[in-house]
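This document starts with one chain, in the form predicted on its own, laid out as structure tokens.
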């Protein structure tokens, strides 16, 4: 019992672990909710494009304001919103599909960011923004995470019905008078805001794992939408806390640790889910094969 206390409880006696746990919990709640919406709306890969498109905003903010974390986060937010708005315009006004528009803009923005950073005389240490450091979050990071999480939960509660309806049947939603493009842009804006909020804690490269992995894990366990949201949020929060413990005891980068724990939960679910797991699928196929072999002619 003493060993369990030292492993699971004692690390959170430190203030930096408490701040990290609070940040991870806030981001896990909003990430779990957004991940389900991204899964239902087939936005997983587009979210990755948004995450990578934040780099030029960080570089421009550093060039204009110096090494100010607030300025670089603001620059990342602007770059992400430009990517979302740009892809919407390209999709609506040309024949290019949305996923292709995101891919094209992501490549352009990311390339511009790399070129900008490499051209600067004073090199920027982007390691925290790329890979995260949840154990080093400060008061401003917590406030941003709290604002992003509160806004996401509020939008999810107030707009639950239109969000779900537009995700499953956008044509029917528009027939009812709903503004699908505006709602879609709102979802993209929430994704960008939460990605920016997770920059210091998780990093642009790994933040998306806090959104997608809990959602696909929950998708393997339930068909009911309410439970899907609940399981996704619970998995995100528990996985974030578990990842922090792994980072603390194992000396592994915190963002990567959280993704590894969430990834382990997904792989276990993909194997062991009683209805949608690979083992259950193979058992059903084997039974069906035996049934065919023993069917009398």
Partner chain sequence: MSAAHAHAHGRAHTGPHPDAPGACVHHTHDILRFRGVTVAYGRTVALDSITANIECNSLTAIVGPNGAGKTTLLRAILGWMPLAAGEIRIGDHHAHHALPRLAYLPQRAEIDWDFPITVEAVVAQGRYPALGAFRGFRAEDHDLVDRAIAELGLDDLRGRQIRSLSGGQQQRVFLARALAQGADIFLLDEPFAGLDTRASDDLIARLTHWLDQGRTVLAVVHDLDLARRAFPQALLLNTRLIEVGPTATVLDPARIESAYGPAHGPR
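Values in this document were obtained by computation on a predicted structure and should not be read as measured data. Residue numbers count along the first chain shown, from 1.
There is also a form predicted in complex with its partner chain; it is not shown, and the following applies to it.
- Scanning 29, 244, 253, 228 against its partner chain in the model of the complex with a 4.5 Å heavy atom cut-off leaves one residue, 228.
- Only one of 164, 185, 112, 142 lies close to its partner chain in the model of the complex, with a heavy atom inside 4.5 Å, and it is 164.
- The candidate spot formed by 90, 99 and 266 is out of contact with its partner chain in the model of the complex: none of the three has a heavy atom within 4.5 Å.
- In short, of 244-252, 36-44, 56-64, 258-266 it is 36-44 that has heavy atoms within 4.5 Å of its partner chain in the model of the complex.
- Interface membership of residue 170, defined by any non-hydrogen atom within 4.5 Å of its partner chain in the model of the complex, is confirmed.
- In the model of the complex, its partner chain stays beyond 4.5 Å of every heavy atom belonging to residue 150.
- Within this chain, residue 12 is remote from the site of its partner chain in the model of the complex, having no heavy atom within 4.5 Å.
- Its partner chain is not drawn, but in the model of the complex it has a heavy atom within 4.5 Å of residue 176.
- Interface residues of 179-202, taken as those with a heavy atom within 4.5 Å of its partner chain in the model of the complex (partner not displayed), are absent.
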